[in-house]
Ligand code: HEC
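There is one chain below, alone, in structure tokens, taken in the form predicted alone.
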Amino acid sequence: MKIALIALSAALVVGAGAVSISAVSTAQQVSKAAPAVVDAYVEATFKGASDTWKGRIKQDETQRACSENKNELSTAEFQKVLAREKASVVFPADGKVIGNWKEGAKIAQNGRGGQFSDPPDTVGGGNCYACHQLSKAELSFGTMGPSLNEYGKIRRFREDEAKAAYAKIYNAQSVMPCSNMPRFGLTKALSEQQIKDVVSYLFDPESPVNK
């Protein structure tokens, strides 16, 4: 599955910010969107799409919960989604989450793989710079997500922190339900090796991210 599918995880959840426990107290003040309204909106957005794309825009249980509740989950629903998404994370069988940072840099820069014009065999990227600052040398980056500059250095290159980063890249909603960040591993937008390489880009001391 491609980046656009994964990006759809963010696009389909109505509203902008990711919910937090502190925000749950306002959940009851937010009107719940009717399922039929959500379905109609999604269908209209992708009107005329191919059968392949129509299959991609079908929401899973978590996407539907976030859409219908406009990202403002009740405490019970928040915990339910968190548990479900955590259970979906698959760590590498060899126990290693660090790959090749040079390959990770390429993946972070690559935004192909989810465009309508991309051939089916296009190797997708993470398009990380669309939302984050990483290397100081990069002048063009998005600000939807936090800066990741010196990410590994700040975390003292700890193994548990690298594993946590792998989990978040694999499925951001396993860390924060209704996150805008794509679920790269869950939807197969990135392979296990690609995720390892991105984690290495964040954690290798020689990576430009940590210089």
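Nothing here was measured: the structure is a model prediction, and the numbers come from that model. Position 1 is the first residue in the sequence shown; the rest follow in order.
Same protein, other form: the form predicted in complex with the ligand, not shown, and the subject of what follows.
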Subject >> Contact segment among 49 to 57, 64 to 72, 171 to 179, 36 to 44, judged by heavy atoms lying within 4.5 Å of the ligand in the predicted bound form >> reply: 171 to 179
Original post:
the ligand isn't shown here, but in the predicted bound form which of 82, 131, 89, 123 has a heavy atom within 4.5 Å of it?
Top reply: 131
Subject >> Contact label in the predicted bound form: residue 127 to the ligand, heavy atom within 4.5 Å >> reply: yes
Original post:
With the cut-off set at 4.5 Å between non-hydrogen atoms, does residue 148 touch the ligand in the predicted bound form?
Top reply: yes
**OP:** Decide whether residue 153 counts as a contact residue for the ligand in the predicted bound form under a heavy atom distance cut-off of 4.5 Å.
**Re:** no
**OP:** Using a 4.5 Å heavy atom cut-off, state whether residue 189 contacts the ligand in the predicted bound form.
**Re:** no
Subject >> Non-hydrogen atom within 4.5 angstroms of the ligand in the predicted bound form for each of 97, 101 and 105 >> reply: no
